[in-house]
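Just the one chain here, laid out as structure tokens, in the form predicted alone.
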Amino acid sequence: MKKAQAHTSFLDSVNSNFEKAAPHTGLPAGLLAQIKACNSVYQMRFPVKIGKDYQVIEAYRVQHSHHRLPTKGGIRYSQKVNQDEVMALATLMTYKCAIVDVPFGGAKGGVKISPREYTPAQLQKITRRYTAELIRKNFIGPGIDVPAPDYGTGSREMAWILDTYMSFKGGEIDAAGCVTGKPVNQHGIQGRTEATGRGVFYALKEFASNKDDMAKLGLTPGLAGKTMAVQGLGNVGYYASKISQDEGDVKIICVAEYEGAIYKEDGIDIDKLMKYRKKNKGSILGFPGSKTMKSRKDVLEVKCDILVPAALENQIRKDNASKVKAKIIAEAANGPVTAEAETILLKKGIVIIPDMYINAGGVTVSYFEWLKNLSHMRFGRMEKRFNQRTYHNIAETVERLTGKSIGEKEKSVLLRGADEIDLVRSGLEETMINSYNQIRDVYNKKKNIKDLRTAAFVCALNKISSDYLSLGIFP
């Protein structure tokens, strides 16, 4: 009896996409080889006392590219963590940072644990010990390598990392910049929690604004009224669906989580679903008016306009790609579509908005947080009141010259100065719009490029190569 054929690994998929794009760049083979290679891989094992016993924890930190410093990338806690996965994620981070013009090299970390199996106190022990290992090998620091949250981690873990770093590096003036995604009251930034999901929304909004691109899919321009299915209601999936619903008037018809999937043709209110899940012992199943699907993976096969895989990698593979009925796939997770599956999807005319672009909102706002930490001042502090007074003077001048008064409601909108959250969202939207238009420009100019992922890779490789060439490494 023949063994089942193994699925393509995440790292193989990333490298396959790289090889597909490389010929379109015209760059020397040696330079492409350097860009492709992971520069540093730190594999570690360390003991942590859990209850009365000791456990040996397996963990990693990979720095993919040093063409820009510091390197940047999240830390995930998952039982599925392995070296190949972390290398793939670090590689994607390099390309992701280049696409959105964030001046970092790519990195990623992983700790092979299931957070569900540990208490907060035990998770704190593991996080602090992992941080100590990174410090010992000089794999963390505001100018060296800056971690952030990822699958299984959040602001709490980032606060533990910061505190551990500061206990080792007392007196380092820029120590707060050693990690991003921190709580706002501990050197974090407004808007970081929602950043990746909001970036997904801004990317979808920009894509949908193009009349010709939407017409090819048989859709009208804009997001209003479009149907969406979401796999994963973690941080990214929740905010991507909530903001798309609230600000884009998208109809969420299917949601899948760890416990299963539900379908509701007339739409699922995401906030009501989250409240229901909290009351229902952490389960979305049985949500009023919804139908429970046979398998949680059925969400990938629902007929909809937009499918948002926001869970883990390798969800859409060669064996299920032909069953996908969405018109647009927004890769909110890293690597949810394998290279083999992508070939099948593209032949079906499905547009894939690639992960290396569409989920770059997190690293973009992490960049803003890092800048805030280095400047030691929150955004908007210097200019907010000045702008308010300027707008007030303009309004008074208009009223005096016209002899008419501006309504109080309208005046409150006109005279408002920007807070940090406003500036962060504005900067994120600007980044996502500009980056998409750069990708689309490559896609339109190079007629032999047939998909947005290849166009995105070409964009990234051209930018990274410019950095290497400017360093004089490849004269």
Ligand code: GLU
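Values in this document were obtained by computation on a predicted structure and should not be read as measured data. One rule holds for the numbers: they count along the sequence shown, beginning at 1.
Another form exists, predicted in complex with the ligand; not displayed. Remarks below refer to it.
4.5 Å heavy atom contact, Pro149 and the ligand in the predicted bound form: Flag for Pro149 set to yes.
Residue contact check: Val363 to the ligand in the predicted bound form, 4.5 Å heavy atom: Yes - in the predicted bound form, heavy atoms of Val363 and the ligand come within 4.5 Å of each other.
Contact label in the predicted bound form: Thr193 to the ligand, heavy atom within 4.5 Å: Thr193: no contact with the ligand in the predicted bound form.
is_contact(Ser244, the ligand) in the predicted bound form, heavy atom dist at most 4.5 Å: Close contact is absent here: in the predicted bound form, Ser244 is far from the ligand, nothing within 4.5 Å, heavy atoms only.
The single option of Gly335, Pro142, Gly74, Gly197 touching the ligand in the predicted bound form, heavy atom within 4.5 Å: Selected option: Gly74.
The single option of Leu204, Ile316, Val299, Met93 touching the ligand in the predicted bound form, heavy atom within 4.5 Å: Here the answer is residue option Met93.
Answer range among 425 to 433, 442 to 450, 50 to 58, 65 to 73 for contact with the ligand, defined in the predicted bound form as heavy atoms within 4.5 Å: Checking each option against the 4.5 Å cut-off leaves 65 to 73.
Contacts with the ligand in the predicted bound form, stretch 171 to 186 (heavy atom within 4.5 Å): The stretch 171 to 186, when checked against the ligand in the predicted bound form, contributes only Thr180 at the 4.5 Å heavy-atom cut-off.
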